[in-house]
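You are given structure tokens for the same protein chain in two forms, set apart as structure 1 and structure 2.
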Structure 1
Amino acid sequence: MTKRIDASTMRQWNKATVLHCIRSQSPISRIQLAEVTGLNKATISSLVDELLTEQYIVEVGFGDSNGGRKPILLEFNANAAFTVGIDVQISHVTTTLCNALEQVVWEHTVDMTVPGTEVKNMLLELLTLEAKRAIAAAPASPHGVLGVGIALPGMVSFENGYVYMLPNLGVTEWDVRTPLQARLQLPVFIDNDANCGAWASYRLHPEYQNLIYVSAGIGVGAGLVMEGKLYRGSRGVAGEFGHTTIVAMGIRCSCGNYGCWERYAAQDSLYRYLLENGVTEFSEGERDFVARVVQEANRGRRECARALTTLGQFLGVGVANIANTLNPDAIFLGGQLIQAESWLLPQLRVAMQIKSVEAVRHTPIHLAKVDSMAVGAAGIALSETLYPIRMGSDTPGTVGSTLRHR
């Protein structure tokens, strides 16, 4: 069936395309924009004038001339607008305020203690408080704060902001977006934390059109970018590799299954391996738990080194499985466990050599930025509020590389 596109929608699409080109290729002239986009000069001139009036772009001087008048160069205005990104982990919450180039201009981390009951109410209050704190920190700008992105550690629906399950927080069946939007009076976007980490990694490394972000902390999950777009699956829970089985009759998981990868490659797994090696003075709930174990291992404490090695071996099994299944351009490792990079990365690379097929054996493995999930949440909010045009194969919950405006 042919889809009709009216003139207004086409103009918005062209405007988004022009803005995206300026954002990614600044500084750029009007002539260069016409060459890159294929739009005629009159259309480019009209759209650029609108964007200048809206202050999304600025003129920054003159470029080189090949004869005749020097072209005026255009640059994206990074501080035209801001978005908030909040990463919720079991032990803490990290909040970032990012500009329209997804650069962090303000960041705040607060410890979190999960109560036995009323977890939803506690989370709602905390998310409201942290979002308002970030909004208040936003510098004056033409468009202010456009929206808020929330990265949650579990199974969520990006399309409707619904939480299916946050297994390590004991939360199920929760419409968190509706009350949060009412409190903040801003668009709110809910996504899985690994998806947010994947999006931030892709925005920093667009040369990897197909990448996997593995979030390894209290839980384990993965975010998938395919052909430059986040892949969430039909119900939004694609990438839950932490709940794939790697030990047939293994330990029971919080999801109800047995032998999940998460039970062998996450933070509580490290705690269990320490206990098995006779190390009892650590508490897995403390925020610097991983850092302290690494410190002891680096000092030569064999029991701690053995626990980290075991963790890395199991983490490597899952990473090799992902590489064999999806054949990505690159894999990024994020989450709290990257504090143990010197112990884990060698094991991941060994696993790739002995457990992956030849074609994917040399897939590069990179460390993600520490705040990538919070920054990615802000980036998703930006993508969904700066020129939101739904065309062709784009569907709700699919983030492409086109900038969008609300």
Structure 2
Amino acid sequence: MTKRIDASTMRQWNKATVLHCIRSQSPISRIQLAEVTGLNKATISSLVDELLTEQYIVEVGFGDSNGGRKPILLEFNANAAFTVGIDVQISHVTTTLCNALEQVVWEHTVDMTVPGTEVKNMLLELLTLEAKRAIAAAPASPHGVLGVGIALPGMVSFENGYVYMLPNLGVTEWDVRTPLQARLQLPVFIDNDANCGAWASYRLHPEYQNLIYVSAGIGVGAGLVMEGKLYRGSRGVAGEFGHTTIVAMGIRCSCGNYGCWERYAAQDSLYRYLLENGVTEFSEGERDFVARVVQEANRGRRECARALTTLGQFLGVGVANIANTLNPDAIFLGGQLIQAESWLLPQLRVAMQIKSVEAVRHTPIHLAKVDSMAVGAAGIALSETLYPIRMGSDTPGTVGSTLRHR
């Protein structure tokens, strides 16, 4: 709980409010800021002065006048600071350098093959190397590179910078943050890849204060943004929709349970549906598996189309469940499977119609940007470090009421 407020806290808050307004509504004049924030124009002048000397903002010229002095226009300084975002997937790692407006200014992808042993060491080396490359690519700026965010495909604790499990990389119980922070001499933030996707989607669409990002690929997971905050749950593992039961007494899942959504709506299910339709030429692990199936379906191959339709229907079951339980403003779809969007989305919309209660039936369903996860990781690092931005919510950062990092 936030405790007392004193004069300096008050000023910090107001300064953050002003900076946030400039960031989201630039170009803007001092007078407009006074109107928007409700602060006195004298106070605005003083706060703006500070922000100018700190180079968080810049004066960019004059606005139009209709019978009076021209207003001086202020803009957020996109190059005030940078953060690095790294998205770790099974086959590759994507690294982005983002500016203070969360725009990608540098990007790099390397293929990766997971070795049988020493995965942690390999990953640590790779993450260090890629982060250092990104940092080196950063242009000179007043505040430099503020931190590194990492999106990981599995269960992790944002709070502790600790990996519980990355099932498809064969990693369990790993403290990534400590060694990485030591090597990079920068704050490091790790989060679940779906959380990063959710955050990126939210930052692009701040009008959706409650949104769910569903990542469908090897597994199915979700990131939850509620009231403008990432909701991570009690132990930081909220969003495990992949292991919710949608077919009681259904197929056995690797988690021990039967009938998990993931067994009906992830990549391996598509493979199964293909087999059930007599299509045997694909192997699940092959390169561009999903894209090839889609291509065949688009060519008119009925069996592939049926498999994709079935997949879409089962994806729809879970998506409708999400809409019913969390009633979000919007649902974003990401992950490898969105390559099949033209086949999946119609099924999703049908499922929403027949499987969700009336009030949530028209929840918008969007496709997420492809590099959401890396950008989201960078965005999380930014939200946690870029003093003193409030990223559109009541309190700074991505965390709710729980203890903050460090």
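Along the sequence of structure 1, residues get numbers from 1 upward. Note that the rigid core is defined as the largest set of C-alphas that superpose within 1.5 Å between two forms. None of these values were measured; they are calculated from a predicted model.
Of the two copies shown, the first one, structure 1, is the form predicted alone.
When the rigid core is held fixed, the Cα atom of Pro206 travels less than 2 angstroms between the two structures. Relative to the superposed rigid core, Cys253 undergoes a CA displacement of at least 2 Å between the two structures. Taking the rigid core as fixed, one finds a CA shift for Arg30 of 2 Å or more between the two structures.
After superposing on the rigid core, the C-alpha of Asn14 is displaced by 3.2 Å between the two structures. Core-aligned Cα shift between the two structures at Lys41: this is 4.2 Å.
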